[in-house]
Ligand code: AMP
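Next up: just one chain, as structure tokens, the form predicted alone.
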Amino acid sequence: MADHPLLTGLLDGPDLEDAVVLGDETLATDAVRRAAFAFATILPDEGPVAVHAVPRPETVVAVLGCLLAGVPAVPVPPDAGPGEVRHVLRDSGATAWVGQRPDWVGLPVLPVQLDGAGGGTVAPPRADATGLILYTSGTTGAPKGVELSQGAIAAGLDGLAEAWQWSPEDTLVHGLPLFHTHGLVLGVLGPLRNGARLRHTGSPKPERYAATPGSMYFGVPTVWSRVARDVESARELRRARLLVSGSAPLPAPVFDAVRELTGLAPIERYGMTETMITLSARADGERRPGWVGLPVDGAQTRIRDESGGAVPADGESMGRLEVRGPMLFSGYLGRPRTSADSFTSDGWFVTGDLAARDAQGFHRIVGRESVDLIKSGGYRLGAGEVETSLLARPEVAEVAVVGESDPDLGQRVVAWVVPDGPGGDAVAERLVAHVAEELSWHKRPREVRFVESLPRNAMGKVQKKQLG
């Protein structure tokens, strides 16, 4: 099985007695292999298989069994409502279910036996076989199924292994959900491909991270913000080699606080469900707050303006980020037109994100083109840089900047602020003055609105379309 396109680390890597720990359960490498092969042998040939993605060993084994057999796995978020689950099952064409099945799901349930009695063998799938069908957040309509081939997943993980110097000596710790790229692909398949250990803490709480020895820790910005406020837990992470942040921008003040408390500057990286991780700071390289580094091995990027021309690599000029490489998805399931429209005529995937790049090739993500590009008074500005400026103020705990329709300016800059303390007109005036002085006059918020919280999705990303 050494020629398996994705799971070579699990199949041919070191035998570890404590390869996978999820909560109170510990599985050896051989136990994971045997259970996964046993599950692979009972899979329906046609697939796909829906996996109720709770943080349990059965979830890991079911996904691995699907990958071994070449049957697509469809992770289903545990907190998804009936409407979303029905859409995912209908859209994916799932033929079976793994895990606790709701009464209203009519699919047959496939059992997962962790003892893996009998093991089994299966023929390795092709590299272009669909490994996972991951569903997008659906912010612009019904969630779309993103088809990731086994080869694409392998290429993406290998690019990160090179950038992060990921080896069998590492132990990865995280408590992220297991239904998306960050928690499942990077957080489970990553260590298994590299022959490393995995410790899943059940939930990404600072005290659980502190109590779990490891060399690499994964978290979204909300996790690192909580770590920065928990001084005792943060200091326990000084033992780590890498602290990695992703899925949303990491505020510069949080970056600085984590670095001060742990002695480690966080690794920031960028990717999408459709692209895996294409940009990252390196384990042996520079790390800057607000910057997501260089293309990983095999990935290429370019930044284009509205007319399709190249944007200067000056670290300030922003444009549409486009990427290509072997880690990109095969397409949106059942949506050939949408898939084709997502690529340029010369084969680059249009991410929909705005970015800037400096002369050294370092990238900075400015925001989503659809919600973060603000055209105000004849100027083009990115919401992200205004947010970064505001987050440097002690009065601001969280912020989201949007452009709202204005009869005179076209769009006016509006800042939605979760205050760290009392809000009010005086605070708003100080914030506006700060941005005008630090950035420029035309980038200042024309209005500051104080709120108790910002709308976020399961990954902690602010849902700006819900503001207003």
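Bear in mind that the values here come from a model prediction, so they are computed numbers and not experimental data. The term rigid core refers to the most C-alpha atoms you can superpose between the two forms while keeping them within 1.5 Å. Quick note: we count residues from 1 along the sequence shown, nothing fancier.
We do not show the form predicted together with this ligand, though everything after this point is about it.
Is it the case that D170, even though its partner is missing from this view, gets within 4.5 Å of this ligand in the model of the complex, heavy atoms only?
So D170 does not count as contacting this ligand.
Although the partner isn't part of this model, could you tell me whether A248 comes within 4.5 Å of this ligand in the model of the complex, counting any heavy atom of the residue?
A248 belongs to the contact set for this ligand.
Does any heavy atom of Q100 come within 4.5 Å of a heavy atom of this ligand in the model of the complex?
Result no; Q100 lies far from this ligand in the model of the complex.
Is there a heavy atom of E274 lying 4.5 Å or less from a heavy atom of this ligand in the model of the complex?
Although this ligand is absent here, E274 would touch it in the model of the complex, with heavy atoms inside 4.5 Å.
So if I measure heavy atom distances to this ligand in the model of the complex, which of the stretches 83-91, 263-271, 301-309, 339-347 falls within 4.5 Å?
Contact-bearing stretch, as computed: 263-271.
In the model of the complex, do T136, D353 and K375 all reach within 4.5 Å of this ligand through at least one heavy atom apiece?
The answer is yes: all three residues contact the partner (heavy atom, 4.5 Å cut-off).
Heavy atom within 4.5 Å of this ligand in the model of the complex: which of V71, I365, L243, A210 fits that? Just give me the one.
Residue within 4.5 Å of the partner: I365.
R335, R282, R380, R235: which sits within 4.5 Å of this ligand in the model of the complex by any heavy atom?
For this set of options, the contacting one is R380.
Note that this ligand is not shown here; using its position in the model of the complex, name the residues of 287-309 with a heavy atom within 4.5 Å of it, in sequence order.
Stretch hits: a single one, V292.
Core-aligned, does G377 move its Cα 2 Å or more between this form and the one not shown?
Comparing forms between this form and the one not shown, the G377 CA shifts at least 2 Å.
At a 2 Å cut-off on C-alpha positions, does K443 qualify as shifted between this form and the one not shown after fitting the rigid core?
Comparing forms between this form and the one not shown, the K443 CA shifts at least 2 Å.
Compared with this form, is the G367-G378 Cα separation smaller or larger in the model of the complex, the difference being 3 Å or more?
Between the C-alphas of G378 and G367, the gap narrows in the model of the complex (3 Å or more compared with this form).
Between the shown chain and the other structure, the Cα gap of V311 to G377 differs by 3 Å or more. Is it closer or farther in the model of the complex?
Farther, not closer.
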